[in-house]
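Have a look below at one chain only, the form predicted on its own, in structure tokens format.
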Amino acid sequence: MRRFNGWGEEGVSLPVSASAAAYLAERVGSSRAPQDVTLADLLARVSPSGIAEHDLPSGVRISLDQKERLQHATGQSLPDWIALRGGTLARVPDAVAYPESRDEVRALLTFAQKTRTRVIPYGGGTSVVGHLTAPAGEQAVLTVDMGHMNRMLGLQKEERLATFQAGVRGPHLEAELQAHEYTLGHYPQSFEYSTLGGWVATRSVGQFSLGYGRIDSLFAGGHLETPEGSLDVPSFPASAAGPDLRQWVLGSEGRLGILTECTVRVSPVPERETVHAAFFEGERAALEAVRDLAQTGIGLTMIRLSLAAETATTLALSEHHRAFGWLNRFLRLRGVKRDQCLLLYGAVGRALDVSNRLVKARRIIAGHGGVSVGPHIGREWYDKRFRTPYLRNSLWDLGYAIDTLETAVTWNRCASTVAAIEDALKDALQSFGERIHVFTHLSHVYPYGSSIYVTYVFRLGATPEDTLVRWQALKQGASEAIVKSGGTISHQHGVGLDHRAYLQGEKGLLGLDLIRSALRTADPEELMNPGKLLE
């Protein structure tokens, strides 16, 4: 059963060892467990639905149940957590619909137009930037859970195209494809719960995107139901017939309508898939090596570099941190003595091709002073890569909040942008008398630049309101640093509520007006997920 106020399943946890807790206390300060409200407390605060049951359209399953409405009221952003655990949730949707076909989605949008009901599309509930927040106001809100629209509709083997209903979750999608010896190869950290439609609507990036591509390139076409009608986006190999309508659907965040079907480009299941590790002394050599790996084009599937603070934190918080003593002794003998940076690099494909790529990668790594340590650490990361978010639950229970933010910049700005973001975060809580622990990795690299993924840990405030104010100060400081550094406000999580104030710096006033014009065309009454992406 999914947790109502945290990440993942109720029975799954990622404990924090005593030494890891001491490590955090030394850097942030000692903490105490918060007094979270119970599910019963939250349900007691849920207002009656503003939608009358007799007004609902027939033929579609729609629930007015308080618990179901509460379970669809938030995503996984830190403000979402604060609202749920602190009992400050302002509003829940008035009803939750569970369509099973595009015709049922059409009926829901017709109902929304007739009654001026606002509509929030819901995939896996994993948004970390406020996509699922019900807007304030007197208009009723209907959340449309796409989870029952999860079937594979077709597989064109010669074209390597597969069509799915948009509500299919990652594991189900991969199981369907791999039964036919194909894969999409798209593995965001939310893979277990997030949906294909959500990936497209937020321009998701998977852990192996260097090899398989971002969802931008995997999404070939689909079907969108908007308040003003249906939009089919054909799956051409290529086209020069004006602007690409796929690009309007990608990143639309539910503002244009509801994506009901997606056609994606798939690949044969690889013969071999592996992740190896290497260490560098110092961030400069590590960054130069990663850039070289990206620009050489040797065919790696993943390049992920943890800078020094994240490497130290990863080893300290690891379940096997004591076993890394031997590794540290080995690295010191090989000249990697301080400011160690961990590189994970992966390859998939035919066994011989993978071996050749790994050999080329090791040569480049060695040329920059790096020390390769084989597949053990990579295998450990691979096996537990979807468990890491459970650490958020464990740290919260100890009295710590953990959050992330990300951007992407060109290589010449990478090091300075990391420094600017980390400095902004460290300064943000000085007026509160609080310290913050910050660490960074490059999760996705390109020949012309890299993403920057920053994690930060701070103590919870005495009240939910205190914690939210601290988060707001941190988010504002870091976002302003990103904009000033010339980075994108979102590399892989979308805009939602949390990033929309900074979108103008990236798109410009005319760019925002162009986006608004498309939204008005598809949704003139502004019923679709209002307030997300743009005000």
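In this text the structure is predicted, and so the values were computed from the model without any measurement. Start at 1 and count along the sequence shown; that's the residue number.
Keep in mind the form predicted together with a small molecule is missing from the figure; the text below concerns it.
Interface stretch in the predicted bound form with the small molecule - options 252 to 260, 423 to 431, 268 to 276, 151 to 159, non-hydrogen atom within 4.5 Å: Residues of 252 to 260 come within 4.5 Å of the partner.
Proximity to the small molecule in the predicted bound form, single hit among A289, A73, A201, L405 (heavy atom within 4.5 Å): Of the listed residues, the single hit is A201.
Position in contact with the small molecule when the complex is considered in the predicted bound form, options G449, G125, G461, G86, heavy atoms within 4.5 Å: For this set of options, the contacting one is G125.
Contact check for R118, R516 and P530 against the small molecule in the predicted bound form, heavy atom at 4.5 Å: No, the candidate spot makes no contact with the small molecule.
Partner proximity in the predicted bound form: H493 to the small molecule, non-hydrogen atom cutoff 4.5 Å: Although the small molecule is absent here, H493 would touch it in the predicted bound form, with heavy atoms inside 4.5 Å.
4.5 angstroms heavy atom contact with the small molecule in the predicted bound form for S209: Outside the cut-off, so no.
Close approach of T417 to the small molecule in the predicted bound form, 4.5 Å, heavy atom: T417: no, not in contact with the small molecule in the predicted bound form.
Touches the small molecule in the predicted bound form: S194 (any heavy atom, 4.5 Å): S194 belongs to the contact set for the small molecule.
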